[in-house]
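The chain below stands alone and is given as structure tokens, in the form predicted alone.
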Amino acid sequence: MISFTPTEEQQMLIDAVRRYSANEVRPVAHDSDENCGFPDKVIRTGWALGILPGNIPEALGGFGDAHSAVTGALAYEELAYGDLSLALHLMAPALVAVPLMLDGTPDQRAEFMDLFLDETPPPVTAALIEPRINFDPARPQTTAAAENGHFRLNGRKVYVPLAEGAEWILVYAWNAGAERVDAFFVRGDAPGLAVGPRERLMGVRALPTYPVTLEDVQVEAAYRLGGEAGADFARLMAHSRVALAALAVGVMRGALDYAIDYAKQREQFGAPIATRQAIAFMLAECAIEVDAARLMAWEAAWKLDQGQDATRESVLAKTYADQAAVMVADSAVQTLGGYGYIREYPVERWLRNARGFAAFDGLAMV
């Protein structure tokens, strides 16, 4: 049976991340969005919370008993409650660490796992999304061709977080020989790999993302995630969808709380607008969406932790959260009326960020 009560350790993590989001992130979120980047001090403080190292099992050098998607989802919600760009930036190393934990070979873990236990975030990231309308994560156009003990990668990626200066990029590509999606550890300075200029996005503007081009990039066979066995791509995508659903819940909750506080304080015709039926009913519907999306994310995360196939649950959770996030953020804008469209108020930023979830495949992982 699924338990909805966090363990003592999980509650301590929730409280710590909640304080960090309230005291460190929220005060600088607006300026960071305007300036397209968070202060390094905020990133370092967030990394010092040990969210990722604490979710790496002791057997792999981490501080946790076992890797837990539920614990990750709880932390991600609180991070996104502070700001989505910050959450995606801070947890970008998990895009490599989680696949490494789940599918890495002993040699790959021995080479890379220590990177995630340092006092500073490691310069690593992952590349999945491609610049085409009909992009399907399960059938990327980036290709990996096997050739005499190595693979030759060709393709284009977009929305690659922190790609500039990354020492390693986990690149997902279609392996035609095996008819499957594989992932490859590619050096950031590998011949044929080019990182383009920073992308200018509508939302998550404080998150540096870049296009990446691969032209005949050679990767040794030993650097294919999982070695000869490869990786369980469907399971990795389920972990990503759970992460994105949890992040969406955090954005929704932040927008709803702000709208409720505003509606209680804003008076029209001698009474707070929260007493008006149209506003009250709209906010009540938002509260339902937040709880529904959270429970769906938790169910999918729980199944992953039980070693079960959570493909269906994770797809439903992310699809629902994608739509609910836009609805809740837009309702928050409506609650503020004309003020909701002014950049000094955070609700317009949350709406811009929420609109991106439908396109964020593989941009987070628990």
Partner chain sequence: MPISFEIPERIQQNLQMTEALATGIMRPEARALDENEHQRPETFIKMTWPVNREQQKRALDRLAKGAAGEAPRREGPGIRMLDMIYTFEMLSWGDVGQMLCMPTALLAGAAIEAVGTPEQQERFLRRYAEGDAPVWGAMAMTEPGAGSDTSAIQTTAVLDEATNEWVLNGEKIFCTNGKLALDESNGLVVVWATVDRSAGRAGMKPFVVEAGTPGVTVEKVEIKHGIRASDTASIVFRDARIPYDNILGSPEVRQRDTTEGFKGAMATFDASRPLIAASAIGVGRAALEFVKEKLAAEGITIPYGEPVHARTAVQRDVLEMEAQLKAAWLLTLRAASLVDHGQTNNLEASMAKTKAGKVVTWVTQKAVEILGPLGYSREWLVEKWMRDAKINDIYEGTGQINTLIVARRILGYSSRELR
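Positions refer to the first chain, counted from 1. Bear in mind the structure is a predicted one, so any value in this text is a computation, not a measurement.
Only in words, not in the display: the form predicted in complex with the partner chain, which the text now covers.
- Only one segment in the set 306-314, 38-46, 55-63, 25-33 has residues whose heavy atoms sit within 4.5 Å of the partner chain in the model of the complex; it is 306-314.
- Though the partner chain is absent from this view, in the model of the complex it lies within 4.5 Å of a heavy atom of just one residue from A222, A178, I288, A110, which is I288.
- A heavy atom within 4.5 Å of the partner chain in the model of the complex is found for exactly one of A292, A145, L201, V158: A292.
- Contact annotation: V70 falls within 4.5 Å of the partner chain in the model of the complex, judged by heavy atom distances.
- Looking at E167, you'd find every heavy atom of it more than 4.5 angstroms from the partner chain in the model of the complex.
- The closest heavy atom approach of D136 to the partner chain in the model of the complex falls within 4.5 Å.
- Contact check for L117: every heavy atom lies farther than 4.5 Å from the partner chain in the model of the complex.
- Residues K264, P272, A274, T275, R276, Q277, A280, F281, L283, A284, E285, A287, I288, E289 are the members of 261-290 with a non-hydrogen atom no more than 4.5 angstroms from the partner chain in the model of the complex.
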